[in-house]
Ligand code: 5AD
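Read the single chain below, which is given as structure tokens and is the form predicted on its own.
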């Protein structure tokens, strides 16, 4: 979501005559787009702001947008007096006001609606992978999560507006669409005629665009994986055989304390349904270790579900207390030492899952998306349908954005392959 927001902010400012620079010292306006999902992310924001204010020229405007702006509010000005603006994730379309009135301090962290999507200009040139938000906010209110506070309750964009974005992306260079939302598969929009549109309808309509060759979406809530969405994995070949469906914990007791109502058996049933309609599909997840009152037995259940589902690529974190969340004031908070040990054990299992899957890809042929050169400049980097990185020696001929590649080697981190002409 932040990638999308940053792209649109840049496009909006370019419409007002600005050009991008990578050098802080040259910048006339410096914008830090932020995430507040974990405490470490917020800490990094203020550490970065400290470095920027020492490096920027005196006349440069400095501000933060996004979730940390919403979380910190006016306190951000106290912590960093040099800030000129603090804009929440639904307010960054107010940035032109800063350009017109550089002497004012602008604070706007109100949770609005979908106005920013109406006011932002369309991209004149899309990246190969276009990120298209379909909804913002979340109604599930997991007890550890700050998103309902920073992004608000769920709002789904009008179906025609989303399709207009995908059509524009297709016409301006995109070949892959990634639909976004804090609860992306909870997308529901009813038009003035009473027609209900869901994420599966967006996928089906987008797949009709000849320029678009790959479609994916993130991130999914388990109980929102309805049969219409499951079944489209079996009928739409442009939809990649890969799904991020966070489980967070394998313990029913901890899931209840997290206010995540997904029953483990129901979760496993969804995975099996997906495999029935798309046998080659693979699943990734998110995990939180050290949630308040998590016992060794609870954590053992998390390890068990990680082994059973065999997630091929997952994100795991130590529980991080966030303001405005119920879990932050729960009793029996877990020590950092125990969290670190558990995270190390979980990561070992997840890394083994990833290594096993990567090794299973050797000798297979995959259609992969070209991403660019590696750091050495001697190799090319591709992305498989399962979002694995694949390194290929640079050929002596032109390549296309999608290439058939034979996988020749693998390790935990990435694949290696050769282009099939």
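Positions refer to the first chain, counted from 1. The structure displayed is predicted, hence computed values, not measured ones.
Here the subject shifts to the form predicted together with 5'-deoxyadenosine, a form of this protein not shown in this document.
Participant: Answer with one of 157, 257, 116, 322: the residue that has a non-hydrogen atom within 4.5 Å of 5'-deoxyadenosine in the model of the complex.
Facilitator: By the 4.5 Å criterion, the partner-contacting residue is 322.
Participant: Quick one: from 37, 391, 387, 60, grab the residue that has a heavy atom within 4.5 Å of 5'-deoxyadenosine in the model of the complex.
Facilitator: Contact residue from the list: 37.
Participant: What stretch, of 76 to 84, 197 to 205, 293 to 301, 141 to 149, brings heavy atoms to within 4.5 Å of 5'-deoxyadenosine in the model of the complex?
Facilitator: Single hit among the candidates: 141 to 149.
Participant: Within 4.5 Å, heavy atoms only: does residue 288 come near 5'-deoxyadenosine in the model of the complex?
Facilitator: Taking the distances in the model of the complex, the answer for residue 288 is yes, it comes within 4.5 Å of 5'-deoxyadenosine.
Participant: Could you tell me if residue 248 has a non-hydrogen atom within 4.5 Å of 5'-deoxyadenosine in the model of the complex?
Facilitator: Residue 248: contacts 5'-deoxyadenosine in the model of the complex.
Participant: Check residue 307 for me: does it contact 5'-deoxyadenosine in the model of the complex (non-hydrogen atoms, 4.5 angstroms)?
Facilitator: Residue 307 lies outside the contact set for 5'-deoxyadenosine.
Participant: Can residue 318 be called a contact residue for 5'-deoxyadenosine in the model of the complex at 4.5 Å between heavy atoms?
Facilitator: Yes, residue 318 is a contact residue.
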